[in-house]
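Shown below, as structure tokens, is a lone chain in the form predicted on its own; questions about how it binds or moves come after it.
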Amino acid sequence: MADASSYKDKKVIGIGIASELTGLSERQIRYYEERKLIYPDRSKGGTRKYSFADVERLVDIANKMEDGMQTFEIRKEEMKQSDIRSKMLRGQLNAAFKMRK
């Protein structure tokens, strides 16, 4: 059986559909990409491709912007969460390897 979450990570959605799903304009989506808040893949022809996880992220970004957050604050928050996840993973790996000795 396929991983249930794997479909969420496949970058198959064009910017027009992402716009329809999120209610954001294509320009807003491109702006969030410029601000390094979202990272679409590109087809050979240069077309942006988004995943369902990206669409969820876009909605989250839009909600935070509506709440008054600035793009740099959103990016800073994301970096902090990523750093915390990284430290937790590193700690788990260290603990696992120490247990083997």
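One rule holds for the numbers: they count along the sequence shown, beginning at 1. From a predicted model like this one, the values you see are computed outputs, not experimental measurements.
There is another form of this protein, the form predicted together with the DNA, and it is not shown here; the text below is about that form.
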Legend entry - Contact label in the predicted bound form: residue 38 to the DNA, heavy atom within 4.5 Å: no
Legend entry - residue 48, heavy atom within 4.5 angstroms of the DNA in the predicted bound form: yes
Inset, instruction - May I ask you to check whether residue 56 falls inside a 4.5 Å heavy atom distance of the DNA in the predicted bound form? - result: no
Inset, instruction - Answer yes if any heavy atom of residue 26 is within 4.5 Å of a heavy atom of the DNA in the predicted bound form; otherwise answer no. - result: yes
